[in-house]
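Taking the form predicted alone, here's one chain by itself in structure tokens.
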Amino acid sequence: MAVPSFLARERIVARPGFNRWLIPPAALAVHLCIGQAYATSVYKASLVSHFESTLTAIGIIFSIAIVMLGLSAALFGTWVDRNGPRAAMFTSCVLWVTGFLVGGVGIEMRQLWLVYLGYGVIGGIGLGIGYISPVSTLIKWFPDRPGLATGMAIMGFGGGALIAAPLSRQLMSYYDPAYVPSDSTSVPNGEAVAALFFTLAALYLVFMMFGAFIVRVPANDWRPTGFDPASVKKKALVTTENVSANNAIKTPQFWLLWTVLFCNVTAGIGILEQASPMIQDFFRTGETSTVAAATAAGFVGVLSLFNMGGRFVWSSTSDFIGRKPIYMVYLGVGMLLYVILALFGSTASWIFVLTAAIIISFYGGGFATVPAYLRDLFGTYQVGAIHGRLLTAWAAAGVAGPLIVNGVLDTQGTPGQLVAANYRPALFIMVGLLAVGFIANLLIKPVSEKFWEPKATTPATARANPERSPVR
């Protein structure tokens, strides 16, 4: 698929002396916008009332978006590698903004299928392209610290709700004067949510276009000052070879890592998607919660902060202790934390908040570390395309996580009357999933040399023919 000349990779090659630290803000400009997906729980109750529907039916909006994220990342990964980050960020912006506009019209017209199509399908495709667009670029700009690079690339996505949650509450209270964010029983009307969608579309258009037009790619022969690839100490599971995207999906390592990501994401995404009502339900007496709606929305912001921080801190830590050990922490300690949340989370608010926050930091850290894990296993040749294909695990988890949580809750009672005990079956299911992921991570070994690319393969060759596989 050809792109206009002003979006072409050749137009954004950095000149000598370009400061690589200008690239993270470009990535953050896009990821902070598309990270709004994590703030959907703030207006979830409003949509349930507006469409006279169920938690599961409204939760499907989020699930469709995550499914399309994974599928579009897999389908367009090689396109992103070939055409560069500006074309990808521009395309992501157009689709993401269009998704909000179509979704807003669907809410106005009380047509839930339009919200599925707009925010879910169209916006979800924009999510996928925008999510992977800066990853391989930052890995190339920071070959000396790939974990740090991927953490910077992806931390914004985890932090999007930190901005979107309080902003959404304030905007909805402006569009619906009867809505009182501090009142846990107050729910904004559907027209306020539709107006919110239109407003966010305008804001995100500006910020995402800013990121698209400041991003640059390094020249083929560029290296950080003082960095010598040959001097890097060889670590376990870190290869100096390269594997194509087509060959990567033939390896057991790819599918083991797919399982690891699926389990880690499923366990975290259910909490994020239900975060605002969940903290109110855990501290509910009868029909009254001791946690106000405004406080619950603030909790969404806290989770977003830990999601964002975990992506940076844990992925940077993986540069020192390795990718496999850090995933043992995510999955192993995560199992213990879920047990604590299920059994003791309702005894004190600080236990609930701290436990959930650390769980979500592991969730975010898993996302940020996986591109570096892929780079270690398969090299830099087509890491963006391989990353895109691996994100089908996220698509599957986007369905599984909310369905598990919402499905369990729908059998336990009605929204506004649920308590902590109603969440325990879902939380223990998450413990089991993390155990499966832990075992899968233990089984990962170096990729067999039969999948390696010939030594003649160069970065230029990779961009010219990103789907090429060696003839062996």
Partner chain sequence: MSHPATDDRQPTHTPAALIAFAWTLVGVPLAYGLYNTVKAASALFGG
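Here the structure is a predicted model, which is why all the values come from computation and not from measurement. Take the two forms, find the largest set of C-alpha atoms that superpose within 1.5 Å, and that set is the rigid core. Residue numbers count along the first chain shown, from 1.
Same protein, other form: the form predicted together with its partner chain, not shown, and the subject of what follows.
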Study note, to complete from the structure: Of the candidate stretches 150-158, 386-394, 194-202, 105-113, the one with residues having heavy atoms within 4.5 Å of its partner chain in the predicted complex is 150-158
Point to revise | Any non-hydrogen atom of residue 167 within 4.5 angstroms of its partner chain in the predicted complex | key: yes
Practice item. Find out whether any non-hydrogen atom of residue 449 is located within 4.5 angstroms of its partner chain in the predicted complex, and reply yes or no. Key: no
Point to revise | in the predicted complex, residue 305 touching its partner chain (heavy atom, 4.5 Å) | key: yes
**Study point:** Contact flag, residue 162 vs its partner chain in the predicted complex, heavy atom cut 4.5 Å
**Key:** yes
Practice item. Counting non-hydrogen atoms within 4.5 angstroms of its partner chain in the predicted complex, say which of 255, 79, 207, 175 makes the cut. Key: 207
Revision key, fill the gap. As a check of understanding, the residue in 135, 89, 279, 267 with any heavy atom within 4.5 Å of its partner chain in the predicted complex should be identified as 279
Check your understanding: in the predicted complex, does each residue in the set 322, 329 and 338 place a non-hydrogen atom within 4.5 angstroms of its partner chain?
Key -> no
Study note, to complete from the structure: Near its partner chain in the predicted complex, with a heavy atom at 4.5 Å or closer, the residues from 16-35 are 16, 17, 18, 19, 21, 22, 24, 25, 28, 29, 32
Exercise for review: Using a rigid core alignment, state whether the CA of residue 71 is displaced by 2 Å or more between this form and the one not shown.
Suggested key: no
Check your understanding: Core-aligned, is the CA shift for residue 352 between this form and the one not shown 2 angstroms or more?
Key -> yes
Practice item. Tell me, please, whether between this form and the one not shown the C-alpha of residue 131 is shifted by 2 Å or more, with the rigid core used for superposition. Key: no
